[in-house]
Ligand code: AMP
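First comes one chain, alone, set out as structure tokens in the form predicted alone.
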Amino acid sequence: MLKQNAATFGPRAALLSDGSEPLSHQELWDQVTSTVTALNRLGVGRGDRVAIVLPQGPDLAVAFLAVAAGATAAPLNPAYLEKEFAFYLEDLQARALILPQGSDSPARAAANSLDVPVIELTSGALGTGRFQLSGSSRALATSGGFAEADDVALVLHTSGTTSRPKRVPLTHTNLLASIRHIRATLQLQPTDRCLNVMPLFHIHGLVACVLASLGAGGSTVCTRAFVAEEFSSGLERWKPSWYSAVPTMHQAILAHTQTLRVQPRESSLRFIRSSSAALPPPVMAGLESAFGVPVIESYGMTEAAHQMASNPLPPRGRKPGSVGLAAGPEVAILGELSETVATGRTGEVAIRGPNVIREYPNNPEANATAFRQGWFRTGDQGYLDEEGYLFITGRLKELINRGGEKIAPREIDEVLLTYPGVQQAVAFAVPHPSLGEDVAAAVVLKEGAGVSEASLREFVLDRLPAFKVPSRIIFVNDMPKGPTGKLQRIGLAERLAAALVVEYEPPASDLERRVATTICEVLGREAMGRNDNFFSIGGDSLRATQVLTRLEQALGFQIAVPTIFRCPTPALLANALDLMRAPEIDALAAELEKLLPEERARLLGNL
């Protein structure tokens, strides 16, 4: 595809980014070619799995494309902890790890512990997506050169019902099929430009925003990181014809847009796309009102190389609440015996087609569950209406879909159970206004154990990424069980609904009131109690940044982003901020002591 694009679209822009000259389709192909040669020199060839841990931006996009062209790319979330990097590197049996030159990422320590060679990427002032690779030369263990259609291009991991993530191998055939499907659904042309705000370690960003755009001969703007407040200026500068995002991002963009004096209805956008989690109908309506273009909701998953169904572009009808029509693979609703059920009846959503993987490697249990009679069973529950539109009604599996991140609850259970004093622990999904689902946990304590919710959350935060940490941990005397004695995870949110409600208690200090007021301003709430959890009442990582930015401006000192994850209530956050500003006050007092009495009095009077 990239070679053909170079011949057809040569000098036209392929990838763009702030502060650099665009990378043309010809230059992209040249960079991919030189990178494959470099990888071969460093002992990496066809079929070798290469983990990529790079910051968001054009280097990551090109590194993915180049590694996939000559080996197998495995981009990983840079926010992982060392033990998680160690798991993924070992599970991948990685031939190498690509890191920015000089990076102190915990991935380096993990690679060193497993004797995985590190390849360093140097970009410097070379421009958008132009970089060099360096490392120790090794002999090839496989053949060199470019990959073929049945070679695995991309490996991602997706959570299963157990705590062990499943490896998902996507071949070039899978990816090319998905590119064709997305191009056809969105009617992409060489003149289209995507403003990519999605992380490029996620199937959504990699396939929809990068590969589909390039597959149409168009271009993609590779943003460094998503900041809602910068979105409008990005529209103005890059003149994109579309963007795709998860609902959390759309909500942040809409909230910021609504604060602008001039609404951006005259933007260059042709349409807006949403995927990876359910888009609330009011958000869809708000985006269409603000930008004056249709919002297309799609349905995808990693095992299908992203897209499975999508609402069509006008003039065909879009149905709010539906993920649309089959958009590439065949979609069916199956009963318990894998039989096709009648229109309008609820069952399990299943798919089959050229974009769908054939199996999970070395995972016979998962394969026996997911692959039946030629169908891949998604684990989602839904129905098809008379016009073929698909509606998702729930999950048959226990996975928690937190804003597009699929989380295996057992992983959280296992961490909680290592805390002294915890006898039983069950993590489960709870509804969330912006993320769709959030994480909560029910805990049974051992007799006589004195454990607080805050101490448990702190414990989990030290062992799991923040997005996997329960926003609420509630203590119960007994855990609901089924007829066979198995702990009941599904439906736990409904059973424990009353316990999840926090009794309102007003803020108890000026700083608590400032924190509560700031959170209310960001979330559009009228009131917040001192013990209300920011994430439980509608907060997410994007809004957390907005809260901290406003508090920094008001208090005059910097606040580390993890602070709000460790201290998610006004009471806890105010206490943490008090401790942070104490050194600032001590330093000011020391300076005042050096002044003459009359000058000190004058300054104190002005404070």
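Residue positions are given as counts along the sequence shown, with the first one as 1. Values in this document were obtained by computation on a predicted structure and should not be read as measured data.
Not on display, but discussed next: the form predicted in complex with the ligand.
Visitor: So which of 197, 408, 331, 277 reaches within 4.5 angstroms of the ligand in the model of the complex, heavy atom to heavy atom?
Guide: After the contact test, the surviving option is 277.
Visitor: Just one of 532, 398, 380, 413 has a heavy atom within 4.5 Å of the ligand in the model of the complex. Which one?
Guide: Residue within 4.5 Å of the partner: 380.
Visitor: In the model of the complex, is there a heavy atom of the ligand that lies within 4.5 Å of any heavy atom of residue 173, even though the partner is absent here?
Guide: Although the ligand is absent here, residue 173 would stay clear of it in the model of the complex, with no heavy atoms inside 4.5 Å.
Visitor: So in the model of the complex, does any heavy atom of residue 203 sit within 4.5 Å of the ligand?
Guide: Residue 203: contacts the ligand in the model of the complex.
Visitor: Does the ligand come within 4.5 Å of any heavy atom of residue 179 in the model of the complex?
Guide: Output for residue 179 is no: heavy atoms all beyond 4.5 Å of the ligand.
Visitor: Would you classify residue 323 as touching the ligand in the model of the complex, given a 4.5 Å non-hydrogen atom cut-off?
Guide: Looking in the model of the complex, residue contacts with the ligand include residue 323, since a heavy atom lies within 4.5 Å.
Visitor: Sort through 229 to 237, 491 to 499, 452 to 460, 296 to 304 and report the only stretch with a non-hydrogen atom within 4.5 Å of the ligand in the model of the complex.
Guide: Careful reading of the contacts points to 296 to 304.
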